[in-house]
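A lone chain, given as structure tokens: the form predicted on its own.
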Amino acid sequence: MTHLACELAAALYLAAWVVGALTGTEGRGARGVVWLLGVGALLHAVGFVDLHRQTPVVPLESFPAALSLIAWLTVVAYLFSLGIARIRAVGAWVGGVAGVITLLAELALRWVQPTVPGPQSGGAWSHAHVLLSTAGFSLLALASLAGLAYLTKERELKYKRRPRFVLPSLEGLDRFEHLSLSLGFPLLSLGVVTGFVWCADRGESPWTGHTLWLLGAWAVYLLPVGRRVVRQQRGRLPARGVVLGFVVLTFSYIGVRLLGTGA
């Protein structure tokens, strides 16, 4: 049931991407994207509940489970943000990203043997670290999508090119980027802190490849946070900083594990 629910969720996320690409971002097409993402998120939640009931238990801090959680939280955060920012044009992009991440997580869950958490793993600090860092990652993913859309639209307007995508106004994208960044960066910061506390609680060194790259991503985000959140600047520089920060953040979560350079 776990795999079926998550695979159906991934299919619906990708279907939202296809519908958005084919029908545009207005009218029934936009509503269809939102509905597909909503149903997909519900199925994804069912999969998580069933995953928690499996024997042996799949730890929340395992990479495949955390990856799937990131995809789900990205969709949920986007759906909740629609009541504030109303930028449905990004919905198709969210569906594409979440669909790919969910499929990768499912492939990993099928091939990775679940293990029962030992006495030194799990616990409150590990769950706090995973939940805070994945929530921060998901919101910063939305901020990067908004920043990328902002840069794309600005370039089209600057060079008077025919738009390849139907995108919201620069003001709407900027507001959405600001909202996601303002919420995501503090959560990421708390995720970094709880990660260090978790390692200290287990008596292990926190200085792994993952944490070093994570700190690097956190430092990169200081630039867009300082410009957009603190100094209230708008434009391409904060948007570029958000996109660059997410590239480093993604490598800290996924790249170091694929290359085998971090825990």
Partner chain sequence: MNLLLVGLNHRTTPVAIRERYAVAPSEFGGLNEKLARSPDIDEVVLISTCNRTELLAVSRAQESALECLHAFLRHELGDGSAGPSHIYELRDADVVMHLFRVAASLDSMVLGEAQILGQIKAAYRAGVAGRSVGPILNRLLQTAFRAAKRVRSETGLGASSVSLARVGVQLARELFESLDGKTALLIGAGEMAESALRGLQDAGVESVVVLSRTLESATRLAKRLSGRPASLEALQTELGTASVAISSVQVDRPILGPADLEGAMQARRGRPLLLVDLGVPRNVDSAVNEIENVYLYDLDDLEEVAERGRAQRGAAVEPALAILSRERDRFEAWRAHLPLIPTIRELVNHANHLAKLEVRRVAPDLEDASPARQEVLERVAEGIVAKLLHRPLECLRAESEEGGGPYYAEALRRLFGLELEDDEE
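Positions refer to the first chain, counted from 1. Everything numeric here is computed off the predicted structure, so don't read it as measured data.
The same protein also exists as the form predicted together with the partner chain; that form is not shown, yet it is the one meant from here on.
**Student:** Pick from 235, 38, 226, 216: which residue has any heavy atom within 4.5 angstroms of the partner chain in the model of the complex?
**Tutor:** In short, 235.
**Student:** Contact with the partner chain in the model of the complex for residue 96, defined as at least one heavy atom pair within 4.5 Å: yes or no?
**Tutor:** Looking in the model of the complex, residue contacts with the partner chain do not include residue 96, since no heavy atom lies within 4.5 Å.
**Student:** Against the partner chain in the model of the complex, would residue 178 count as a contact residue? Criterion: heavy atoms within 4.5 Å.
**Tutor:** No, residue 178 sits far enough from the partner chain in the model of the complex that none of its heavy atoms falls within 4.5 Å.
**Student:** Should residue 182 be classed as touching the partner chain in the model of the complex when contacts are defined as heavy atoms within 4.5 Å?
**Tutor:** Residue 182: no, not in contact with the partner chain in the model of the complex.
**Student:** Should residue 78 be classed as touching the partner chain in the model of the complex when contacts are defined as heavy atoms within 4.5 Å?
**Tutor:** Output for residue 78 is no: heavy atoms all beyond 4.5 Å of the partner chain.
**Student:** Work out which of the listed stretches, 227-235, 191-199, 29-37, 208-216, brings a heavy atom within 4.5 angstroms of the partner chain in the model of the complex.
**Tutor:** Every other range fails; the passing one is 227-235.
**Student:** Select from 170-189 the residues with a non-hydrogen atom within 4.5 Å of the partner chain in the model of the complex and write them out in sequence order.
**Tutor:** Read in sequence order, the residues that approach the partner chain (within 4.5 Å, in the model of the complex) are 170, 171, 172, 175.
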